[in-house]
Every structure is written in structure tokens, then in C-alpha cells.
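Just one chain follows, in the form predicted on its own, and it is written as C-alpha cells.
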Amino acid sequence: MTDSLRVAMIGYGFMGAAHSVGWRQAPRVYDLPLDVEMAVIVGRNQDAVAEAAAHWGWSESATDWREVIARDDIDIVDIVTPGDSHAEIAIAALEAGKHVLCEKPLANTVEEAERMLAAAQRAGERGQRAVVGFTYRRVPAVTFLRDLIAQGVVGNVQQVRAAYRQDWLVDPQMPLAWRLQKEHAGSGALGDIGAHIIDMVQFVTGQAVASVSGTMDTIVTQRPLLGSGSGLSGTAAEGFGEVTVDDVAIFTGRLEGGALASFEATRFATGRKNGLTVEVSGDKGALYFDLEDLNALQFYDRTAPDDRQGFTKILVTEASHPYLSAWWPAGHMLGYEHGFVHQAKDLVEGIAAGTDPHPTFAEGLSVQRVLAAVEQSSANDSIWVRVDAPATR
């Protein structure tokens, strides 16, 4: 083990920016056991990726990811590309002896995810680590929610409600981006944001989704081709392409402990910009999290006297709360980007300790199996579909 980890990031868009902030800030905020170097960022457009490197603080840029992962001076490969390339890049990086961080969802299909897990298991025998980027786990309030449920504060989990609502596709003139094409994205709202709430429910409850019944729909079936119009409402486009993924997915899940969970993933919730919520109800109490109020939890204590019952707001900013001891004094808020800092921290510490950070590729595969089961259910009149048992790492 060297004293420094050199990172190569494949991709440089929205997630590339977020991951760059994580890699840049983690070694400055936390006393990490190993140094981190932002070595190289990779993209197909030479000028654009060079600009991204200069903007976000990467030492160099490149256009061939295969050449980069073959380099002896690269230790970690961070994958922030569209889902159709996750399997190829991750497996190649693992076979080249690198640690891997791969954005969610792990892959576009269960079969791809299974191959990725197999590669991670082989690499694990050599001491390599592989982790999936379900970053919302690392919002301090979400980690604290998980801890409280594990401590039994809500008692037996009886029902769960989870939703992720956005509205960026309401305008029918929004161009046909890669996220709207199944060959690149795998699925639409289901995989893009539904994967987050599936993982969050499994993470905070400690229970896998065992079976599902769901419905998916595509509300706008054709969109302007990129470059054919401005993409602004009311503008004409010269050409249109087919939307081949879902715009909304609504499904019910049965957790392995018996409780029912409801899930909604939509990019057509007018007025909702990034509305992720999860509520866990038990026989002793309930907990509620809202990403648009991400420094807080709502807690209902059913065991309290009748005259003192009601949801109470817990401000999750104390040094004793998860991840917060290195940040600001109590009451000074964190934001969206901090989850990516915590992600980098957890991966570096896992590499140094020789332990697997979570979520592992096995956990990523478990989410992929739920996504596939929802698609199967929707294609068959919303029948209940059993989710395969999650793999172990």
C-alpha cells in the first residue's frame, strides 16, 4: 500500500462535477489515512474534457479510458458515464487491478450487474474494493435514520412510503437526451431515480425488497432530437426521436420482513425539482426524511404520553451525528455535495483498512434485480413478481 491514491474519473458531466467536488474536498475536511490525487479525467471530446480538468482541478485529461486504466500510476477508477458503459469499464478496471467506484444504477441489466459482481469478487481476493455510488446513503440524516431504526426506536417496521419526484421532463420540447434512450440508460425514471429510493428503503430498514407489483408509463413518447431545436418551450424542432424509457414508475413492494412499501419515481411531478422522501412507520414510532430539508429528520414517538405526542424535528447537525464531526458547528447546514465528500472518505478509508465500503456491487445487484422485477410486472398487467435473493460479497 502506497501513501497516495491516484484517481482517474471516466466521464465529466453533471455527476463528474459532483464527484470532483467529493475527491477535492474529502482529504481537506477529513484526516484520511491515505492521500488522494485527482490524476486524470477522461472524456470523448478532447477540448471539453480538458476544460473540465482545468475547472475542477484534475491534473490532466485524456480521451481513451482503456489507456488510462492500463496505467500503473492509477489506483482508483471512478465511473460516471451513462449506464450502457458501466459493465465494460468496471470489469476492465477491476481486471487491471484498480479499485472501482461506479455510479448508480450499477448496470443496465441484471446480467451485466452479475458479471460486474463476479469481477469484483475476483478482485476482492486480491484486495481491491468496488463500491456503487448511492450517495444519498451518506446524507447524515439518512445514515442517522438507519441507525435509529436499527436501535429499535420505531419498533417493528410495518409500512414504508418512498418517493422521488422531479419535473424536468414536463416540457415536451425538452430534447431527447441519453437518459431517455433505453440503449444508453437501461430505464427511465425507474432506474435513474427509482434506484435511489429502492436502495434507501433497503438501507434504512435493513430489509430487502422481496417482491413487487408495478406500473410504468411514458407520458411524452417523442422529443426533439438534440441540435434540432433550442429545447425551450414553444420552439419548433426539425426532427423528433422516440422516447424508449419510462417517465413514471409506481409500484408496491413487499419487504422480506413482511411490511408493504410504496414507491413512486417520476420526472413529471410538476413543481417538484428534487423531491426525495422516505417515511418508515413502526409499532413504536415513525421517521420521515425529505431531501429538500436534508439536515433534518421528523420523529414520532408513539410511546410518549398522549399529551406530548406529535412529529418532532431533529436537526441532524451535531458533531455526534454521522459524518459531522469534521464539519461545522451545530446548526450550520450541509448540502447536496457533501454526500460525495463522504463517499470519497468511505472509499479511501475502506481501501486503507482492507474492508469493503458499502454499498458493494452485491448491493448494487440487489437493486438491479428489483428494477428488473418492476419492469417485468409492468409488462404483465402489474402481476406480483418475486425478486431474486440478493447476492453476497
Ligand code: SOE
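Just count from 1 along the sequence shown to find any residue number. Given the structure is predicted, the values throughout are model-derived calculations rather than measurements.
Same protein, other form: the form predicted together with this ligand, not shown, and the subject of what follows.
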Q) Ok, I193, M216, A119, L148: which has a heavy atom sitting within 4.5 Å of this ligand in the model of the complex? A) I193
**Q.** Answer option from F144, Y300, Y323, Y136, heavy atom within 4.5 Å of this ligand in the model of the complex
**A.** Y136
Q: Answer yes or no: in the model of the complex, does this ligand come within 4.5 Å of a heavy atom in every one of F14, W168 and R179?
A: yes
Q: Considering this ligand in the model of the complex, find the one stretch among 306-314, 160-168, 197-205, 252-260 with heavy atoms no farther than 4.5 Å from it.
A: 160-168
**Q.** Contact test in the model of the complex: N274 vs this ligand, heavy atoms, 4.5 Å
**A.** yes
Q) Within a 4.5 Å heavy atom cut-off, is K104 in contact with this ligand in the model of the complex? A) yes
Q) Which residues from 331-349 come close to this ligand in the model of the complex, meaning a heavy atom within 4.5 Å? A) Y336
